[in-house]
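Starting off, we have a lone chain in the form predicted on its own, written out as structure tokens.
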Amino acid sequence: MGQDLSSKLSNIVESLPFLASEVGIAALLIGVILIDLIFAKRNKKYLYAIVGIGLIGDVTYLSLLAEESVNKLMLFTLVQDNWSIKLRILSDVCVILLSIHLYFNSTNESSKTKLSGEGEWMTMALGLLIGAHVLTMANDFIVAILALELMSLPSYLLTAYKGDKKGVEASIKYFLFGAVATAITIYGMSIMYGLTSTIDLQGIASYNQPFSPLFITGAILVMMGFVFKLGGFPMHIWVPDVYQAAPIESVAFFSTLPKIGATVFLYRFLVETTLIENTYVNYFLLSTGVISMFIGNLAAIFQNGMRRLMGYSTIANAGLIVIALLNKDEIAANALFYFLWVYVIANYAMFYFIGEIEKEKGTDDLKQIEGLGWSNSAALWGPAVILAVVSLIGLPPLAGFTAKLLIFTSLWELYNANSNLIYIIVLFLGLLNTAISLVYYLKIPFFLYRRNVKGHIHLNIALSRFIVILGVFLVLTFLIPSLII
């Protein structure tokens, strides 16, 4: 028994160097709390800068120094491969973009929605980031569900951060749906544990009755909590109301970061347990993906507010992510990774823009942006917003085109490998939904550059420059995909 305990402790100690990123973020979180308490009466917007600089350091470490491990870490509960390292970098980028958003909003004294509580913002953001990091490495159910909840709880709080009635109601709705989704997932995990007597993904793969109805039911239930984080059908109902009521910074943040961790774990779950080869699980994912795309794209057509439009866009994009999970070949992994990068960049460009419109106009209604593209101040940020919109549609010459092309190519390869007509049908429906998305996405450039109307607006200079940088990034990554992949 002593030797067994000694070997376990040895495994934990040997794993620590591979978790330097998470230890550093935890230290940064504690530092933020201490600074917030010690300098309680001072303006603490510099906390945003401290967090941003700290995470740039973490990105540098993960890019240059982090090493893959062929062994499972922390008693077989975590895995550090190239896939998890890359996605942790993207997770850090999400928080850096949030810090930029908050920093420049907090310096705008004329803003009617000026934010406070810098320490609380950064504490919750870093807590959510640690959850995302752990979920990208999770190799068993217990770690995965703990990481999922670590991401969820700050999201509920950030939804109600403004403290108004709509925000609180949306937060309660978000919490209730999240609690149900988590309960369903845990129930699915308990079923799979009961059948396999293990909670690690490789152990589940050794189950000798993978087509039993109970095993398939358990697998589908496990996926529900992570589909909830993606905002996909049937766990999508919370999305529009939360996007409408939460602070714009919160919406931009948890419309991107939680999706990264959820996508990685779902892919790892399907591949490592070999469920990706299960016909019935494939049909479930195909159905979820297609229905999500139709619900999101068709509902978005009727939206006049940019927040809800982006909310339904999220549901549609969740469908694309789910479909990309079906292929275990390298092209699918690259498609997911590339799509997530492009989605984060385009989404943040849009939410930077929407937030600035709300500050100036008091609403996110599309009519409020009529003719703004013709103003002198929009000479650079106006085209950058259009680049983000075109990328979200998936048209060249933007990175969104390459992302969708990779996903649809992975579907084509599945058809070639299996000769199953359903993959061709889903491919056609995906292309059809891309065409449908033109109807609502093009509302934004239509109003922004409406003829015979010239509006006036003064966007925050720094944020408008970041919108331009993000737009240029979408062009560069189309021309040079190796910048990401």
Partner chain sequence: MSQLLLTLLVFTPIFGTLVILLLPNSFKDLFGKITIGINSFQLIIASYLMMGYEGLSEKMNGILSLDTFQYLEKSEWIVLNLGTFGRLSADYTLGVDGLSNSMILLTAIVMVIGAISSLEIKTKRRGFYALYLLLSGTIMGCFLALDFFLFYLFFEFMLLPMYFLIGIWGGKNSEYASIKFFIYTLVGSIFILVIMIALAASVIDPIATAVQLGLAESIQQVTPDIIEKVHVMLVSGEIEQSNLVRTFSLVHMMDASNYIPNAILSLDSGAMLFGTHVRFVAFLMVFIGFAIKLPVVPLHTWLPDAHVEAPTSISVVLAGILLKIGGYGMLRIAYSIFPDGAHHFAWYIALGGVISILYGAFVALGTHNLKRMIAYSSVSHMGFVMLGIASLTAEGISGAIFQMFSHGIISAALFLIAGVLYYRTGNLEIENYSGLSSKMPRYTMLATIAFFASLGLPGFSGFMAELFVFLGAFNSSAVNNLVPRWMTIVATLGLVLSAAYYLWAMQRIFLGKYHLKDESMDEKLKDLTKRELLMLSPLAVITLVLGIYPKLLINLIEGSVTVFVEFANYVGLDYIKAIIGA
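Numbering follows the first chain given and starts at 1. Just so we're clear, the structure is a prediction, and the values are computed from it rather than from any experiment.
One more form of this protein exists, namely the form predicted together with the partner chain; it is left out here, but the text below deals with it.
J.: Could you confirm whether residue 278 comes within 4.5 Å of the partner chain in the predicted bound form, counting heavy atoms only?
T.: No, no contact at 4.5 Å.
J.: Please check if residue 61 has a heavy atom lying within 4.5 Å of any heavy atom of the partner chain in the predicted bound form.
T.: No, residue 61 is distant from the partner.
J.: So in the predicted bound form, does residue 46 come within 4.5 Å of the partner chain, heavy atom to heavy atom?
T.: Because no heavy atom of residue 46 falls inside 4.5 Å of the partner chain in the predicted bound form, the answer is no.
J.: State yes or no: in the predicted bound form, is some non-hydrogen atom of residue 81 no more than 4.5 angstroms from a non-hydrogen atom of the partner chain?
T.: Looking in the predicted bound form, residue contacts with the partner chain do not include residue 81, since no heavy atom lies within 4.5 Å.
J.: In the predicted bound form, which of the listed residues (386, 145, 216, 299) lies with a heavy atom within 4.5 Å of the partner chain?
T.: Only one listed residue qualifies here, and that residue is 386.
J.: Using heavy atoms only and a 4.5 Å cut-off, determine which of 117, 194, 362, 396 is in contact with the partner chain in the predicted bound form.
T.: Answer to the contact question: 396.
J.: Are 329, 412 and 481 jointly within 4.5 Å of the partner chain in the predicted bound form, each by at least one heavy atom?
T.: Checked in the predicted bound form: all three residues contact the partner chain.
J.: 454 to 462, 49 to 57, 413 to 421, 24 to 32: which one contacts the partner chain in the predicted bound form at 4.5 Å, heavy atom to heavy atom?
T.: Only one stretch passes the 4.5 Å heavy-atom test: 413 to 421.
J.: At 4.5 Å, heavy atom to heavy atom, what parts of 446 to 466 sit next to the partner chain in the predicted bound form? List them in sequence order, or say none.
T.: Contacts from 446 to 466: 446, 449, 450, 451, 452.
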